[in-house]
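Here's a solo chain for you in structure tokens, the form predicted alone.
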């Protein structure tokens, strides 16, 4: 059962400056681009707002450009455009693979890069209809005071399930954030917090407007497991960037999504540099990933399955990237 959206007002700015000014002038309003996540949550009564700031008419958000220093991707670029861009596919394969793996073709045509990076966290106790949540008792993330996943804990354990973030993390992305005070640039990793209720380090009214990628990244790849072969969010998603010299690792970066309340880079991969990619290294990687992922009972799949799947995907991607580089 869905909740009626009621009467909505729409503001349609033509520049980023106008968009952040509109949000500043209307507390409680929301930015909307593709709306594939926001509108569903509004219909479920999870998010309430009577004014939306529509970003679809801001041309600067929809561009992919190269200036000789980096590649800039606007936050309004659609997932379909990202997946089908030849430069992205050739230079940043993990990013193209992640974009292609999101939801279904109809979602990718309207869903945006910024929307996927700022995706709300998910949980079986949160992503429900209004009558279901009210009957079960509201959770810590929405009008309640207890996390039903971990009732004795002090924070929400809803999981982040965006696909683009881990790919961008291993590729070393930085992001531009606009507000009424101007634009700031930060590493993408600083956007996220390990708290399902407040997982984005964005002040009220701030807008993610673009991301920047270095021109010469190492080879990369992305893979995920989900309940169905399409449409579903990742139960665990892994991105790997691997540079090798002969049989040895030069650099290795691994990032995950779907298991924690934030997407994150796996810590402790630096000591693998200079070592051969053999079964001993892969076994150590398996243990490293399993130790750092923190899946909870936020989906219908078990936490242990998601932990093992994350480690298995990591091993598979490392072996695949190494084999392709050695070919």
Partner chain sequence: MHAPGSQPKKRLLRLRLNGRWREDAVAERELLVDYLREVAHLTGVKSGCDGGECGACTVLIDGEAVPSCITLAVRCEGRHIETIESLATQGRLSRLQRAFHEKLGTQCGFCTPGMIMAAAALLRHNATPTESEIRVALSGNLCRCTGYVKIIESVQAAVEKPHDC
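Numbering follows the first chain given and starts at 1. Values in this document were obtained by computation on a predicted structure and should not be read as measured data.
Beyond what is shown, the protein has a form predicted together with its partner chain; the following relates to that form.
Peer 1: So which of 187, 105, 214, 247 reaches within 4.5 angstroms of its partner chain in the predicted bound form, heavy atom to heavy atom?
Peer 2: Of the listed residues, the single hit is 105.
Peer 1: Have a look at 193, 183, 203, 110 for me and say which one sits with a heavy atom within 4.5 Å of its partner chain in the predicted bound form.
Peer 2: The residue in contact is 110.
Peer 1: Where, among 230 to 238, 154 to 162, 169 to 177, 90 to 98, do residues come within 4.5 Å of its partner chain in the predicted bound form by heavy atom distance?
Peer 2: The contacting stretch is 230 to 238.
Peer 1: Is there a non-hydrogen atom of residue 289 within 4.5 angstroms of a non-hydrogen atom of its partner chain in the predicted bound form?
Peer 2: Answer no; every heavy atom of residue 289 is more than 4.5 Å from its partner chain in the predicted bound form.
Peer 1: Decide whether residue 285 counts as a contact residue for its partner chain in the predicted bound form under a heavy atom distance cut-off of 4.5 Å.
Peer 2: Residue 285 lies outside the contact set for its partner chain.
Peer 1: If we define contact as a non-hydrogen atom of the residue within 4.5 angstroms of the partner, is residue 323 a contact of its partner chain in the predicted bound form?
Peer 2: Although its partner chain is absent here, residue 323 would stay clear of it in the predicted bound form, with no heavy atoms inside 4.5 Å.
Peer 1: Taking the shortest heavy atom distance, is residue 35 within 4.5 Å of its partner chain in the predicted bound form?
Peer 2: Result yes; residue 35 sits at the interface with its partner chain in the predicted bound form.
Peer 1: Only counting heavy atoms and a 4.5 Å limit, does any residue of 41 to 70 reach its partner chain in the predicted bound form, and if so which ones?
Peer 2: Sequence-ordered list: 43, 44, 52, 54, 56.
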